[in-house]
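Okay, so here's just one chain, in structure tokens, the form predicted alone.
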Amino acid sequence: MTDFISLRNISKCYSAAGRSVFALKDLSLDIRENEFLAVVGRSGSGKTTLLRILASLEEPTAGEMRFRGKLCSPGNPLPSGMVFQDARLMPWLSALENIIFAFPPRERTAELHEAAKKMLETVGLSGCERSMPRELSGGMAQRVALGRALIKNPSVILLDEPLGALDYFTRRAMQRELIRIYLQEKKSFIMVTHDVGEALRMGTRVIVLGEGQMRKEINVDFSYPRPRSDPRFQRLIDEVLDAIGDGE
């Protein structure tokens, strides 16, 4: 049990071609404060639906979510920031202006601009305040998106395949950056990914979803960095793949 985030008997049902399809089915999950939770599973396993419910972008068909014991609802959402697979930056705004975009104009004070500059430093983009999205690489754009998610100081950062569109070398560099920021910011990170190695390289805990239900929960209890050569790493990859159903 935890008093941070608890999901109890969460189901999400959609209507498709005249029949009911469950994206999540009676899922219960406790999310710990300051953990890096990685969620893996095949396409259609319910990963993104889970993240969208946590972000209050969708409501569950049944079940409840609580944050520090209080029931979450559309009027009382989980205090979270979200990063999507594509950065979704406003192309007519600079990096700094994208960071503060979610704030109403009256709140965009000199203090907020200074905080945004510091946030760009946090995500490794010091000096890029005036850079436009077209001038940024894919990895740099995702750093801006992460800064935008962090600027309001949420309790939880939600990451929906945030590195999926990046090339291999940029992706590895961003994995290291996300781990650095996670350790520095001391927040709960929840990341959906199809990449089992990425999940185990970054997560302090990995859960495997299948057909809308939890199939496996694995605590990753060794420190960063986690090289592939570590036999513990390979054993956990095999364990996750077995839970997904792709252990051969």
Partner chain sequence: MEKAKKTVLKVFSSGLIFPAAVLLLWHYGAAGGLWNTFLLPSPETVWKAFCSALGNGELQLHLYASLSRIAAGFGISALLAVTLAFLCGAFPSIYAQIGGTLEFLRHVPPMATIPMLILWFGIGESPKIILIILATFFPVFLNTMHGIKNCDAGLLEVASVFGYNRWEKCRHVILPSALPSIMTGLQLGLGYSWRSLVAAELVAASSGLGYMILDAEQLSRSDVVLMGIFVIGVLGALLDMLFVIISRAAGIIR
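Fair warning: this is a prediction, and the values are worked out from it, not measured in the lab. Between two forms, the rigid core is the largest collection of C-alphas that superpose within 1.5 Å. Numbering follows the first chain given and starts at 1.
Here the subject shifts to the form predicted together with the partner chain, a form of this protein not shown in this document.
Taking a 4.5 Å heavy atom cutoff to the partner chain in the predicted complex, the contact residue among L57, A62, I179, I218 is L57. Only one of C72, L89, L96, V123 comes within 4.5 Å of the partner chain in the predicted complex through a heavy atom, and that residue is L89. Though the partner is left out of this view, A110 does not reach within 4.5 Å of the partner chain in the predicted complex, counting heavy atoms only. In the predicted complex, at least one heavy atom of R52 sits within 4.5 Å of a heavy atom of the partner chain. A residue is said to contact a partner when one of its heavy atoms sits within 4.5 Å of a partner heavy atom; R130 fails this definition for the partner chain in the predicted complex, lying far away.
In the predicted complex, the partner chain lies within 4.5 Å of some heavy atom of K152. Stretch 102-110 is the answer when you ask which of 164-172, 115-123, 102-110, 135-143 has residues with heavy atoms within 4.5 Å of the partner chain in the predicted complex.
The Cα shift for E107 between this form and the one not shown, taken after rigid core superposition, is 2 angstroms or larger.
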